[in-house]
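Okay, so we've got a single protein chain in two different forms coming up as structure tokens, structure 1 first and structure 2 after it.
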Structure 1
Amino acid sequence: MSKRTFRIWRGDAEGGEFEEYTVEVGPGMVVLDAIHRVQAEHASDLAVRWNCKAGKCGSCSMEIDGMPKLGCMTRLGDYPESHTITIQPLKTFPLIKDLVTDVSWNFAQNKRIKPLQPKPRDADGEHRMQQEDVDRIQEFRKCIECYLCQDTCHVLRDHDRKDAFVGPRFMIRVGQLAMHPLDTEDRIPAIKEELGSGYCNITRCCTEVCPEHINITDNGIIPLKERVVDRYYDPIKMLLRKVRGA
């Protein structure tokens, strides 16, 4: 056991400041363990979300030394022993208290996406899909909704265009429906207009911070952008639309 110091943001929407806490740390400990020690020993009212402590629920999202990460999957051993680790809440969402932010905007976006509209079952009552046809949407369904990608997305974080773009999380949510072998809904217009696929400028920051290692940009957003381009910006189709007056 040795001692280690952490700089943790304390405060609410009114304001606040970083406070330093020193606790004992042991082998294999992660940042969330250290926060729990601080709670138990120094600040029982320190607010933090967490649940599974195994990288499966996506609750303990925070910014650790400026990087969006899960507290439960960030090992203290990854940082030099004498280094003071800085822990602060997600910047992109309104602060509630300490490390807890108001992420309700994300739930509202999910509700805007029309659910799966499955084609009828086969005569024997089964749905049939080949594994290779579902591999790519299963990648998107690994998402644990930690919203680290939303936190890092420039459109949401720096430009605060939550009114125009649903963010990477919900691009792959709609992507998994658009690429679903059973889905019958035409989702291209919504992807372009309401969900704002054009706002993403493919910096791949979302992919970099994804704790599930989902290739959000290359496998999700880019294919959706291509579908939008095929539909709306194909020169021959544009010409046809003009001729038909549509």
Structure 2
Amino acid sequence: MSKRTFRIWRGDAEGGEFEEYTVEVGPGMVVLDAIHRVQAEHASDLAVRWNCKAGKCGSCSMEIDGMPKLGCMTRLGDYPESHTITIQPLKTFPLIKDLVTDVSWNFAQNKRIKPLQPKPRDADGEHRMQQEDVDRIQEFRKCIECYLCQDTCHVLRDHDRKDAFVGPRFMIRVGQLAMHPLDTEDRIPAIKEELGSGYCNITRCCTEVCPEHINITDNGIIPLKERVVDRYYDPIKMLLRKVRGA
């Protein structure tokens, strides 16, 4: 066992400050373990959201030394023993208390996305799909809704354009539907206008922080942006639409 020091944000929407706590830690411990030890020994009222402690529920999202991470998957051994680890809440969303933020805005965005509109079944009552089409969207289904990608997105975080852009998590949500081999819904107008795909300038910061290693940018957002370009900005298609009067 050894002792380590942590700077943890304490406060609420009205204000707060970082407070330092020193606790004993052991081999293999993660940041969430250290927070629980701080709660047990120094600050029983320290607020932190967590659930599975296995990296699958997305509850313990926080910023550790300025990087959006899951507290339960960030090992203390990744940092030098003499280093004071700074822990703070997600900056993109309103603070409730200490390390807990209000992420309900994300739930509202999900409701804006139209559900799957499947094509009719074949004559024998079955749906048939190519395996490669199924494989293409399986990656997006791994999302645990930790909202780390939302937190690091500069459109939401730095420019606060929640009024115009749904963020990377919901771009891959709509991508999961738009690329589904059975979906018949025309989602391109919504991707361009309502969901704000044009605001993303593909910095790939969302992909870098995804704990499930989903290639959000290259496999999700870029293909959606390409569909918008094909529909609205391809000069040949624009000419054909004018000729046809469409």
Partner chain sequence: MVDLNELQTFEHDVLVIGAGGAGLRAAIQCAALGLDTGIVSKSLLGKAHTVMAEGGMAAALRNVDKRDNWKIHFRDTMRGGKFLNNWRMAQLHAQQAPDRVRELEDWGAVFDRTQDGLINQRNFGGHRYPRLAHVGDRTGLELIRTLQDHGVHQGFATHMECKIIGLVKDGDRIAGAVGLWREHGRFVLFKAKAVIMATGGGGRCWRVTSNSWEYSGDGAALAYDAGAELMDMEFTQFHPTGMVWPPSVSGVLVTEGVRGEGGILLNNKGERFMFNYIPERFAPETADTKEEAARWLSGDKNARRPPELLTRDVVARAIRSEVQAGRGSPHGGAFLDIANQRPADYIKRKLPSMYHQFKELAEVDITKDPMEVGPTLHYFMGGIKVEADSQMSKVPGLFACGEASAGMHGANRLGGNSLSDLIVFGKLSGDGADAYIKALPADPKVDGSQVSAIIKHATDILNREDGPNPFVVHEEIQEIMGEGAGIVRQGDELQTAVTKLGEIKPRIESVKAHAAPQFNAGWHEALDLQSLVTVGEAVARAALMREESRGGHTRLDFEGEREEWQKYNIVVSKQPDGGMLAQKVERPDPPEELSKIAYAKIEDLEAGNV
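Start at 1 and count along the sequence of structure 1; that gives the residue numbers used here. Between two forms, the rigid core is the largest collection of C-alphas that superpose within 1.5 Å. It should be emphasised that the depicted structure is a prediction, and the values quoted were computed from it without experimental measurement.
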> Where's the form predicted alone, in 1 or in 2?
Replying inline: 2
>> Given a core-based superposition, decide whether the C-alpha of Pro120 shifts by 2 Å or more between structure 1 and structure 2.
In response: yes
